[in-house]
Ligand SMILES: Cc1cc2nc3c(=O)[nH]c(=O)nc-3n(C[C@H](O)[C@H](O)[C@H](O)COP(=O)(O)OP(=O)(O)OC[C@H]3O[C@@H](n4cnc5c(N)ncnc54)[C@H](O)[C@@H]3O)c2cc1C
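Take a look at this single chain in structure tokens; it is the form predicted on its own.
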Amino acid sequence: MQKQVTIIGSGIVGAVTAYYLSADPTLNVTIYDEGIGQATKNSAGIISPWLSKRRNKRWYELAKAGAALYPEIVQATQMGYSVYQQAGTIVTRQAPADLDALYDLALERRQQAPQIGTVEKLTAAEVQDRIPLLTNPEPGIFISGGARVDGDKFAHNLLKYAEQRNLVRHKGKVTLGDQGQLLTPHGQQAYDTLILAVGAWLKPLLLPMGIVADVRPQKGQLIELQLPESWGDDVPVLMPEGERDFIPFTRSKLVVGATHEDEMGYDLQTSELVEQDLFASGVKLDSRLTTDQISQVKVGTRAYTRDFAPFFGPLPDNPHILVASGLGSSGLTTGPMIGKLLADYVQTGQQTDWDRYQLSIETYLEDAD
């Protein structure tokens, strides 16, 4: 008899979990999603964790593993360049000493993460050669393993692929009862395993069960521009010092962003002031940009914990309910590995090497007063 696995949330974690579980014929997999404010659909899409200065070693291991999963998943599902492109990343530094330190860090980390690929120190002129859009380049470090991903298309393609195997999708908001009952637009639904991959919405979802999750929402906005010129698939992502990230996608789409707005809660309204700020950052890199090239402003809500680390796994008092949240602005990087680990747990009941990637889940959950 098939076991019922229900996933709430179709962002990066939910989509990857569904992708892996849909290959198991012993499971009946269902996913629900409201689709509002999803961080995955509104992310800049940079996959390049190796030069991060974050001191959290567990986060780095998780991000490194997540980045390594992309080529495997992309190849297995035959996604094209419009979804994922491993064109490299350039990180710039103005001070020569800072550039040297970054170069040394890249070489050191490549020893344990060959996915970094080649490492090159570039002059400002060489940076401009790699990214012709720039009119104000600075020297930087290039790593060939860096990539960009369209999170919306990636999750969508994974879910379509899973539907061809063993996934049923539903739209609509769901809530939980005080004993973890799943309440949907179609009434109460039974499950053997419930996976809550709802990002910043985990805290309100768990409250009826008397559980308070250490999750706060953070608003993120970015702008997309359609430029008159086009370029190939080999233009790297730019992570400039002191400015917003600069992401040339295939053909003629440029993304600038994203912001990190801590005091806006679940607000999903675009801001003209933020749009102007993002555009001004883009103009510092490419002085030829004009405001009429802005095609859209995208808004999403990220989930953060007090120590800025993600968490995932079964609820301590209810092992049939799994949760994942706190991915922050690196969700597209850490999300794939979290999804794979959750899928492995559903199939095996084992939490193999989880302490390598996170603190105990009890760190982020407490009983409501």
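Quick note: we count residues from 1 along the sequence shown, nothing fancier. This is a predicted model, so every value here is computed, not measured.
In what follows, reference is made to the form predicted together with this ligand, a form of this protein that is not presented.
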| query | finding |
| --- | --- |
| Any non-hydrogen atom of residue 341 within 4.5 angstroms of this ligand in the predicted complex | no |
| Any non-hydrogen atom of residue 301 within 4.5 angstroms of this ligand in the predicted complex | yes |
| Residue 331: touches this ligand in the predicted complex, heavy atom cutoff 4.5 angstroms | yes |
| Contact test in the predicted complex: residue 50 vs this ligand, heavy atoms, 4.5 Å | no |
| Partner-contacting position among 201, 154, 279, 161 - heavy atom within 4.5 Å of this ligand in the predicted complex | 201 |
| Candidate from 46, 337, 322, 27 lying within 4.5 Å of this ligand in the predicted complex - any heavy atom | 46 |
| Partner-facing stretch of 171-179, 103-111, 119-127, 84-92, counted where any non-hydrogen atom is within 4.5 angstroms of this ligand in the predicted complex | 171-179 |
| Stretch 218-240 - residues with a heavy atom within 4.5 Å of this ligand in the predicted complex | 220, 221, 222 |
